[in-house]
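Here you get one chain, nothing else, as structure tokens; it is the form predicted on its own.
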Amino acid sequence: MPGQNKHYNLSLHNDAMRILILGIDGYIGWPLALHLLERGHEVSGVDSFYTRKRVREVGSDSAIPIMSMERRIESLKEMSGHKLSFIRGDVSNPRIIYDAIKEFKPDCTVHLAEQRSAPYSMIGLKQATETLQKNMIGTVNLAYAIKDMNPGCHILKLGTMGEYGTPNIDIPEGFFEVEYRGRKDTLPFPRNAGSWYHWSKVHDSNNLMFANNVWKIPVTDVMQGVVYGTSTEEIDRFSSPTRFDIDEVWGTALNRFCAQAVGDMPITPYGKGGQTRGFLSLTDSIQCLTIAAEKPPEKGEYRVFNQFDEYYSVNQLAETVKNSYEHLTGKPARIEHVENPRIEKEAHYYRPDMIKLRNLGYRPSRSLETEILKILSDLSKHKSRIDKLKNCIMPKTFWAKSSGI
């Protein structure tokens, strides 16, 4: 596994910041909090435990057991002395976010508190409207709370590369130059999302761009690829794992493939498997978000980062998981393609830019192959949990069958 790179200083950050994490209980939120605390920042968090509740709703659970937030905070203090303040609440409630901003007075607010599942948003009308309302209202609440209570606070917003869709041209970082009928301009790159969830993120980007234009709130809008991995340095150090979902609603393709291999199930790419997306490890996602927080935009600046390491097709992921599992265990694994429940291009051009974070010092520190071996090893310790969740892994949510009232 590559060590720390020379461009990202992993020592304590000299200028300690007050960083508020919305969605601190989540897959990315918890390890981000641990990392920022270790770098000397003061951290506070808000969460409604939305994901825990909605994962139970579809009959699933985290494949790796996680502690309650109360126990997480207690254990962290016992092992490290770090103090973490926490507010339980839903950011779609304006009072919650206003109070959090007023009391903590953050230098940076990391917004991760959104319904994050494309399949969940496509189950039916209830889930679609819930996704759109919760995500958009929470983001607008945050913009108003910053404007009213703490002007100048940097909003670091987690978006998704899925906002762009799969255009037949290169994907820039947010904006591109256009020449039309003899005139030139720099415009936001067109979005073409593939689910109600992804459209909610598009609306978030538009709303934050507008808030920046009107109130000059500094914003970093992160178009993140698919994140994979079970651990970070801090997760291992404090024995405080983050959640890892493997079901067809909340788990990503790579998560599912690893769980299927460990559970003696066929690895099941959707459709032809040519779908290509950007990916990065959990450790590198945390590295990118930390860089973005510690190197904020200029006053009044709105900037967009494409955040990923490399892009892979679903078939490449399936083959890598298969080969890694066989290398690790000596047991055979097999790949079986299944009907694609999504409405998406299965063979397409895909070449996004990823320049700005590298210019700030980001260098990938984890390889796909190394991380898959770690995921497989970690999941093998919880095979009994995977066996209980097998009925949740195969696709049941089909885009074309999304139902109304």
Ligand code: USQ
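Start at 1 with the first residue shown and count on from there. If you're wondering where the values come from, they're calculated on a predicted model, not measured in any experiment.
Unshown form predicted in complex with this ligand; subsequent notes refer to it.
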Next on the checklist: Can you work out which of 154, 256, 111, 72 has a heavy atom no more than 4.5 Å from this ligand in the predicted bound form?
Outcome noted: 256
Item to check | Answer option from 344, 378, 61, 38, heavy atom within 4.5 Å of this ligand in the predicted bound form | outcome: 344
Checklist entry - Which of 94-102, 154-162, 205-213, 79-87 has heavy atoms within 4.5 Å of this ligand in the predicted bound form? => result 154-162
Next on the checklist: Each of 54, 123 and 199 having a non-hydrogen atom within 4.5 Å of this ligand in the predicted bound form: is that the case here?
Outcome noted: no
Checklist entry - Can any non-hydrogen atom of residue 277 be found within 4.5 angstroms of this ligand in the predicted bound form? => result yes
Checklist entry - Should residue 128 be counted as a contact of this ligand in the predicted bound form, where contact means heavy atoms within 4.5 Å? => result no
Checklist entry - Can you check whether residue 189 is within 4.5 Å of this ligand in the predicted bound form, heavy atom basis? => result no
Next on the checklist: Is residue 340 part of the interface with this ligand in the predicted bound form - any heavy atom within 4.5 Å?
Outcome noted: yes
Item to check | Sequence-ordered residues of 211-247 touching this ligand in the predicted bound form, heavy atom within 4.5 Å | outcome: 224, 225, 226
